[in-house]
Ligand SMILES: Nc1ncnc2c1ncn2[C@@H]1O[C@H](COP(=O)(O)OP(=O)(O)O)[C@@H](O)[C@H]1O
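Just one chain follows, in the form predicted on its own, and it is written as structure tokens.
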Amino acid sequence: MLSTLAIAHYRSLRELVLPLGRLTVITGANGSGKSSVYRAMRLLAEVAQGGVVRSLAREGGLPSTLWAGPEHISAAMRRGEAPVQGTVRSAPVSLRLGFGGADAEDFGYAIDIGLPPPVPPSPFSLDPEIKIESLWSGPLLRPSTLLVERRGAALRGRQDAGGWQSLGRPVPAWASMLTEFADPRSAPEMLTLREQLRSWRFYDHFRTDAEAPARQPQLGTRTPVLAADGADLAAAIATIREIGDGEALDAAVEDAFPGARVEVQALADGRLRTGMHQHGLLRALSAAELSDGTLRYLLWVAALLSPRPPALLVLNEPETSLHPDLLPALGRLIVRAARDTQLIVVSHANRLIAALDDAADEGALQRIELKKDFGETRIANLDMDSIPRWQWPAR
């Protein structure tokens, strides 16, 4: 489990350290930086897929994603006694992402991404480069907890005797050590961390329009993980009934729609279709006939009751298109899913947040409220004593 998420110099996140619990909700006004936190977590997941540099390029390149304010915001600037302006830079340009584990058995990781040197000339002179990667045990990076370190192209790992050994061939500047090195004998921690990151799941704005894939019958195979667009909804529901918790599925539907029941119909051509029996109707309604809110709720049911829970599940504004009366049921469903996976919910729906608070055990919900201050995203509802310690690897 993760105990800390740290982000530096990404969009409005100049220097942000977030405490994480088993269930964490990140909230705040529009423009406070919630989406930037969500996108930063997706970037972290892309590291293990080998796509972090490409993802940054899709966002406009490193210059477009970096913190656009001054390197330091002085007290005089905050008091209005000095203009907000840049000074001579004292540190290299960098975008840094990382997380800490909850205890010594969990791993922490940090990556530092910067600009390439100006020479030699190259058509890829604006491509970001990975400067440093560090992997350690527990919540905080220390010399005694560091297990694997990459500096530039050089990679080294700690030996059982306490010394260090070089690992593998030089690592390309555009690639992560997690994708370039895979030796279970000399660095098993890297394989474990890579698979952990690859298991992370992100769900964001399911399609529910008339042409949405979830409304159409689909050829289906056993589907323990719902696709990001929800296209395999029928197969995912059928899989939950076969190898997952079918009782929890029925309870979640009953909680939101009393008297209703969801079924999966096998058509003559082998395709699967989602159907929903509702109280008072003589036949089941197909997914094509359901309202946007009803279909979206069923998509959340399929995502949250996955028979193969990930190490981390991140939901971005799950309240979208849902009637307010459905939010308490969704909140209870999210709390139930947090028994099996660590969950982060990004939301600004007060009713959903209240439902999460009501359904969770006392003190089990970590709530983080963000605000903007001089263009910088900061935590509004926690004092400094509640922010975990964090140490970035030095260049």
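The numbering used is simple: start at 1 and walk along the sequence shown. Computed from a prediction, not measured in an experiment: that's the story for all the values here.
Missing here is the form predicted in complex with this ligand; even so, the following discussion is about that form.
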{"query": "A364, A354, A57, A29 - the one with a heavy atom within 4.5 Å of this ligand in the predicted bound form", "finding": "A29"}
{"query": "Contact test, all of S12, S35 and L66, partner this ligand in the predicted bound form, heavy atom 4.5 Å", "finding": "yes"}
{"query": "Proximity to this ligand in the predicted bound form (heavy atom, within 4.5 Å), stretch among 145-153, 67-75, 256-264, 237-245", "finding": "67-75"}
{"query": "K372: touches this ligand in the predicted bound form, heavy atom cutoff 4.5 angstroms", "finding": "yes"}
